[in-house]
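Shown below, as structure tokens, is a lone chain in the form predicted on its own; questions about how it binds or moves come after it.
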Amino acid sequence: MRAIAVSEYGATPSLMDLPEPEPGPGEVQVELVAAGLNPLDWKIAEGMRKDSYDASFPLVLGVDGAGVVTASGGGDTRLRVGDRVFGSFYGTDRGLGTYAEFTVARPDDPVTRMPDDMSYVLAAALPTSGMTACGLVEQAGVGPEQTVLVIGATGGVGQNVVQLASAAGARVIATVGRPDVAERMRTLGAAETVDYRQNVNDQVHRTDAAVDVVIDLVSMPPAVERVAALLREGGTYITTVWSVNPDAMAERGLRGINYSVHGTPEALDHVADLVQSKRLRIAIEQEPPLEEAPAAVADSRAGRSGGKTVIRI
């Protein structure tokens, strides 16, 4: 099968011809139609997540995908041959990923059946970004009359967070880098935007906002310390890049949370329902073919991509 993989941690992803994976007991084989690109993909390939994800090489990139169940390994399986499915496939320990023509879904993977009228491209865009955004907003306790600052608002997770926080009744301030993106953030529910290329704290101060929650998808510790100064006493700083020191935050009267998504089929169903009911809009920026995925990964790694990229298999 065709797949985008690395031969070792830190190697440049390339198109390879690899054996088609066979499902074991309780597993199903999925022929993929689309794969969602997430920063997690290149972080795993770089070895930045080796403490959390075991890997075998060659390692196929990608966690999120959508496709059709083509074979069963027998035993008790939730999914059946012919099912249209989407979700997160955690097969890195066997070298499996979703930038490939086939992968395998394990019994405990957050993979479920797609809504009948949902496209494969849209379904592949949802799992990690959708479940992460829902979890962030819930864990941070976002609610009415709060002010929420979203750092890294223009990516796939960030755009979802802006919408969900706004729908929860919060006043959302989103970081952006271009005027056209600022307008998009406002259509998604942001009340204010600030330019991350300039001093974010100064810009937020000019909005006269007392920040209750910071949802940060990109910042390393030095920047976290600066932005945390914007929080009112008792405020919450939650991040997906594990750059918060909860004890240091507590000493300042703040709540610090390092967040990791723990997906389930039920959480996927919830995200799909949000999209189907128009409560969550997904902006897919690029749909490169599989052979162009390495360039898309390089753009994501360099911070040149905005919105969501979905790879067409």
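As the structure is a computational prediction, the values presented were derived from the model and not from experiment. Residue numbers run from 1 along the displayed sequence.
Just so it is clear, the following notes concern the form predicted together with a small molecule, a form of the same protein that is not shown.
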query = Are Gly26, Gly87 and Leu122 jointly within 4.5 Å of the small molecule in the predicted bound form, each by at least one heavy atom?
reply = no
Item checked: Contact of Gly303 with the small molecule in the predicted bound form (heavy atom, 4.5 Å) -> yes
I'd like to know whether Val33 contacts the small molecule in the predicted bound form, with contact meaning heavy atoms within 4.5 angstroms. no
Thr175 within 4.5 Å of the small molecule in the predicted bound form, heavy atoms:
yes
Q.
Although the partner isn't part of this model, could you tell me whether Pro39 comes within 4.5 Å of the small molecule in the predicted bound form, counting any heavy atom of the residue?
A. yes
Only one of 153-161, 227-235, 102-110, 78-86 sits within 4.5 Å of the small molecule in the predicted bound form by heavy atom distance, namely 153-161
Note: exactly one of Thr240, Thr193, Gln146, Thr92 sits with a heavy atom within 4.5 Å of the small molecule in the predicted bound form, namely Thr240
Of Ile257, Ala283, Val261, Met249, the only residue with a heavy atom within 4.5 Å of the small molecule in the predicted bound form is Val261
